[in-house]
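Have a look below at one chain only, the form predicted on its own, in structure tokens format.
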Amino acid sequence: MKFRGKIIDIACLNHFTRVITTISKLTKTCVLRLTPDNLFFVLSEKVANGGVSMWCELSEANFFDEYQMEGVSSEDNEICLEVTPENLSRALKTVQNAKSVKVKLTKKHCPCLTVAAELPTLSSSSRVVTHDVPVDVIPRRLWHEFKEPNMPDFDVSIYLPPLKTIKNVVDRMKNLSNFLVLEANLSGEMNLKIETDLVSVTTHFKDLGNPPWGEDASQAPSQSRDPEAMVQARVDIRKLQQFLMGQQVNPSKAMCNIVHERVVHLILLHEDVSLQYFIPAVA
């Protein structure tokens, strides 16, 4: 197994760091799956058991100037590592003004992702700062747990209002209740609601639009559904807040799919990054 990548473009380095920082806000540990063309960050808690799951996909060509990897074997040309994204984020944040950054899979006292940055210097000698981020290599027999999640057979899909707006609403609602009902319909309307014995608060959004799932017709919400009818899911407000707090990707598109009373599936798209996040509904 071999992996090494080199980032020279400072904008790519900053963007890559923002993505890793976003992931570090969503989970303490996750799996980094390396393939010849992509990097995936995966969290696969069982949604059925009340856990959240995440799938973040990056194209290596959009971040790395050089990228080489050899997987476990020619048939299974992948590497799966368990990483602590916070540690990787910290290492990258300290080298934001570097001339170049190399990320390499190394064997020190344990397997590590070694981040080596060549820093600008006034003299002719070079200055290199190295961070070793410990990782665990995941054996081949467990890889099946880290494949792309299936798109749920959702009842409603809707574009989200600006994430900052939702975050402000959710932050206020969190002081009143531990649970939030997210509901939407096929007429571009979405509501965030909390109901307790003492208070009932609803924030309405309208004219958001519903994504056209043209090629994914099988995934499209049922055309027989009344466009005004609301589909809803009640979720742990902290899990939604955690997702909103971590956002540094600044997506060009943000969507929400709801399976009625089962799951909320959030999708953020930004040119070269896609992030999916699944929050299970609670009764």
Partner chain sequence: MRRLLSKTKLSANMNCRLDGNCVKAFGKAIHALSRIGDELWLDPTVKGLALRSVNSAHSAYACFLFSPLFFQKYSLQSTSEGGNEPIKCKLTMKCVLPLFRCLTSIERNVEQCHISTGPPKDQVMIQFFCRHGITKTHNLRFQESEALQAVFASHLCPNTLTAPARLLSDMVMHFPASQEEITLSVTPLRVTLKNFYEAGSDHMKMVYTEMSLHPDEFDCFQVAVESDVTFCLKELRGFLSFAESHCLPVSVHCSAAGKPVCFSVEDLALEATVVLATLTDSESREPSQPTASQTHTTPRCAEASHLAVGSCEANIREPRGTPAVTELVASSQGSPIPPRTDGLWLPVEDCTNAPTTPASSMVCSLLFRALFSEQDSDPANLTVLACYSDEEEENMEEEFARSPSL
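All figures in this text were calculated on a predicted structure; none of them were measured in a lab. Numbering follows the first chain given and starts at 1.
Another form, the form predicted in complex with its partner chain, is not on view; read the next lines as being about it.
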message: Heavy atoms within 4.5 Å of its partner chain in the model of the complex: which stretch in 184-192, 164-172, 103-111, 137-145 meets that?
response: 103-111
message: Is it true that 177, 238 and 253, all three, sit within 4.5 Å of its partner chain in the model of the complex, judged by heavy atoms?
response: no
query: With the partner left out of view, is residue 151 within 4.5 angstroms of its partner chain in the model of the complex by any non-hydrogen atom?
result: no
query: Hey, in the model of the complex, does residue 72 get a heavy atom within 4.5 angstroms of its partner chain?
result: no
- prompt: residue 90 near its partner chain in the model of the complex, any heavy atom under 4.5 Å?
  reply: yes
- prompt: Would residue 133 sit within 4.5 Å of its partner chain in the model of the complex, counting heavy atoms only?
  reply: yes
query: Using a 4.5 Å cut-off on heavy atoms, which residues of 1-40 contact its partner chain in the model of the complex?
result: none
